[in-house]
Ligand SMILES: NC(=O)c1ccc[n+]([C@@H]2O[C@H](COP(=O)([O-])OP(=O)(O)OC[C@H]3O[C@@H](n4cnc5c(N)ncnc54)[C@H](OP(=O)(O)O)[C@@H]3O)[C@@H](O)[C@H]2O)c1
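Starting off, we have a lone chain in the form predicted alone, written out as C-alpha cells.
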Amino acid sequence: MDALALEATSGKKTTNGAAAAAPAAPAPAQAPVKRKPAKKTKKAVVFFEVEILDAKTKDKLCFLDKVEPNATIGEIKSMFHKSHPQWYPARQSIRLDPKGKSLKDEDVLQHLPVGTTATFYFRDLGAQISWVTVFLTEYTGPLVIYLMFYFRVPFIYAPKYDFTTSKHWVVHLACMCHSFHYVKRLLETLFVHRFSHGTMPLRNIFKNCTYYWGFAAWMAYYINHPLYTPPIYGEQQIRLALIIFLFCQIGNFSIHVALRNLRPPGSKTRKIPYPTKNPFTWIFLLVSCPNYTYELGSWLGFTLMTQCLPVAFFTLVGFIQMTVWAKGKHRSYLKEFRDYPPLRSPILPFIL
C-alpha cells in the first residue's frame, strides 16, 4: 500500500518504469525594446569667399565673405554695389576671365567652375539706359523728321514751297506708309516687346539715333522734294509695292506677337519658336528670324513704291545689319537647343 501511494503521489510511470518529470512553467514574454530614431545629421553649409578684381589692372576691388553657395551673379552684383555705389548692377560685367564673356545674372555660384574661394573680374559697362527708352527715342525721331519734310516746313526747300503739298499721290502714300511703320514700332515697344536685357550702354543711343534719324531725313528730303518724279511703271508698280509693304508689316507684327508669347512676363527663359495657327508665322519652318525677313520685305516694298536711291541704300544697310543679328541668333539657337530644326536658315530660306 505504501508503494502504491508513493507511486500515485510521485507521478505517472514511464514506459521503462521511471517517473515523468513535471512540465516547466513558460518564461514570461519580454517587452520589445523601443529604439530611438537616429538623428538626421545636418550637412554643414559650405560658404564661399568671393573676391572681385579689376579686369584691366587686376587690383582687388571687393572681398565678400560667407557668400551662400546658391547665390546668383545678380545677387553678387548687388553686394558689390553696396561697397561701390557708383557701379550699379546694370553697369557691371562680372567674368571668370578678364577677357572672357560676361556671366549671366541667373548663374548660380556653386554651379560655376570655381572653388570655395572664387575670383571674378569686373569691367565697367559705362552708363546704361533702358531698351524701352532707346527704342522710343530711335523711332520717334524718324516719324517727326519725315513729317517735317512732308509738310515742307521752312528752311528745307525754297521759300515758295513752304507748307505746300506734292502733286503726286505716291508721295502722300509713302508718308502714310512710313508713318504707319514707325507708329507700329512705337506701339510694339510699349505693349508687345519683352526684353531679355533691361538696359544698354548710353553711348549706343547716339549711334542708333544718328542711323535712324539721318536716313529718315535723307529719304524724306528726296521723296518730298518739289522736283520728285513718280516710279517709271506708274500705278501698277505702286500698288504692287503697297501690297508687299502691308503684307510684310502684318507678318512682322505677327512674329513679334509669337515671340512675346514664348516668354512669360518677367522671365528670361528661351524657347524654340514654332509656327502657330497664324499663317504669317509658318515661315518659322524655314527661317530662324522671320521678323528680320519681313522687315527686309517691308523696305523692299517701300523702295519699289518710291523708286528712291536713298531708300534703296537704307534697305541695303539694314539688310546687312539684320543679317549679322540673324546669324548670331541662329548660332545661339543651335548651341542652346540640340533638337533645333535643321532646315532653318538665319534670314532668307535656303540662301542665308
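Keep in mind that what you see is a predicted model, and the values were worked out from it rather than measured. Numbering starts at 1 and follows the sequence shown.
What follows is about the form predicted in complex with the named molecule, which we do not show.
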{"property": "The named molecule: the contacting residue among 194, 95, 225, 172 in the predicted bound form [heavy atom, 4.5 Å]", "result": "194"}
{"property": "In the predicted bound form, the residue from 271, 111, 167, 239 that sits within 4.5 Å of the named molecule by heavy atoms", "result": "271"}
{"property": "Contact test in the predicted bound form: residue 252 vs the named molecule, heavy atoms, 4.5 Å", "result": "yes"}
{"property": "Exercise: residue 329 in contact with the named molecule in the predicted bound form, heavy atom 4.5 Å", "result": "yes"}
{"property": "4.5 angstroms heavy atom contact with the named molecule in the predicted bound form for residue 259", "result": "yes"}
{"property": "Partner proximity in the predicted bound form: residue 306 to the named molecule, non-hydrogen atom cutoff 4.5 Å", "result": "no"}
{"property": "Contact test, all of 142, 218 and 313, partner the named molecule in the predicted bound form, heavy atom 4.5 Å", "result": "no"}
{"property": "Candidate stretches 98 to 106, 210 to 218, 116 to 124, 85 to 93, one within 4.5 Å of the named molecule in the predicted bound form by heavy atom", "result": "210 to 218"}
{"property": "Residues in 321 to 335 close to the named molecule in the predicted bound form, defined by a heavy atom within 4.5 Å, in order", "result": "322, 325, 329, 333"}
